[in-house]
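Before any questions on how it binds or moves, here is one chain, the form predicted alone, in C-alpha cells.
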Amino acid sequence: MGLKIENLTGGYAGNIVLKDVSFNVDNGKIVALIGLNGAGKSTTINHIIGELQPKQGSISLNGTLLSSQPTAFKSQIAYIPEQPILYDELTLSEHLHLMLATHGKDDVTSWTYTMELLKMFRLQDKLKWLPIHFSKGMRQKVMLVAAFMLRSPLLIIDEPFLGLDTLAQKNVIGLIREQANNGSSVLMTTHLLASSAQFVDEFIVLDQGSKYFSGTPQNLADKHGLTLSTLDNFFDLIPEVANDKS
C-alpha cells in the first residue's frame, strides 16, 4: 500500500498553494518530489505530517486516514526537516532515547542499531554533547540518525544532502535504499536530480502548485531531450513547461 495522496488542495491561512495534487508512494519505493522554490513541495510535506489541514482531498498511509486517525497515521512516519530541530537542554543520547521511547522502541535491539548509525556518521563519541557543540553538518547527522533508527513505514526527508560531506551523502543513499528494500515508503525532496536519478524510483514534478509530471527519472529525461547525467538542466526548462501540463 504505502502513502496515498488524493486530490489534495491546500495551503496556508486561506492561501491556496496546492491544486488537486494526487500521487502515491508505494511500499518499497523511493519517490522524489521536485520543483523550483515555491512549487509546493514543502506545503505538500506539511500536509502529510499534519501541520496543515487540506481544503480538499485525502491523505492515507497503509490504509490509515490522516483526517480520522491522526495519531495512528503519524506514528508510522519518520521525518527529517530541511533545518535541524534539536532541544538545547538535551544531550545527543537523551535526544535519541526520547525519540525511541516516544515510538515505543527504546530497547536493546533498537539501541544497538542506533549505535551502528552513530558510528557510521562518526557521532558515537558525542553522546554526552549538547546541541550547542554541534556544527550544522553534525546537527543534520543527528536528525538522520534519529529518523533512520526508527525504521518507520514512511520516511520523509526534506533535502537530505544539505550540509553533508561526500561520505555522509553516500551513507544516506545507502540507508535510503536499505529502508526501501525493507518495505518502507520513502518520500524526499531534492534539487540534485542527476545524483538522485541513480537511486530514486520516481520523480513527482510540481509546478505552481500542480502536478506537472510523474514517472521514472529516465522518463523525465526522455520527455525533455535530456540524459540522466544532465537532468539538473531540467530546472532551466521549467518556465517553458509551465504552459504544458500534459
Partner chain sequence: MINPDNIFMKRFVRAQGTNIKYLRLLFNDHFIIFLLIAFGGAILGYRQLLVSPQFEVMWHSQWWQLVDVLWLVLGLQMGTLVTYFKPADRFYFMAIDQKIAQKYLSKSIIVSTVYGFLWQVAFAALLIPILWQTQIFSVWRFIILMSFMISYKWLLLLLTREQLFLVPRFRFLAGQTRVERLFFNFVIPAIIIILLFHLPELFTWVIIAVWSVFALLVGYFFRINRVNSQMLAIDWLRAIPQSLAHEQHILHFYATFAEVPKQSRTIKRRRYFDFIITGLTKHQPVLYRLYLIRLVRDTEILPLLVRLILVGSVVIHALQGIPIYMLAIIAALIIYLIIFQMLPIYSTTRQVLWTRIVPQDEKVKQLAFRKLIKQVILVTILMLTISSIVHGWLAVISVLAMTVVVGIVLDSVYVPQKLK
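Residue numbers count along the first chain shown, from 1. Everything numeric in this text was worked out from a predicted model, so none of it was measured.
Another form exists, predicted in complex with its partner chain; not displayed. Remarks below refer to it.
Report task. Name the stretch, out of 127-135, 157-165, 172-180, 110-118, where some heavy atom lies within 4.5 Å of its partner chain in the predicted bound form. Result -> In short, 127-135.
Next item on the list: Tell me, out of R122, R139, K105, K74, which residue has a non-hydrogen atom within 4.5 angstroms of its partner chain in the predicted bound form.
Entry: By the 4.5 Å criterion, the partner-contacting residue is K74.
Heavy atom within 4.5 Å of its partner chain in the predicted bound form - residue from L65, L192, L36, I49: By the 4.5 Å heavy-atom cutoff, the listed residue in contact is I49.
Requested in this report: Spell it out for me: taking its partner chain in the predicted bound form, does every residue among H95, L98 and A146 have a heavy atom no farther than 4.5 Å from it?
Outcome: Yes.
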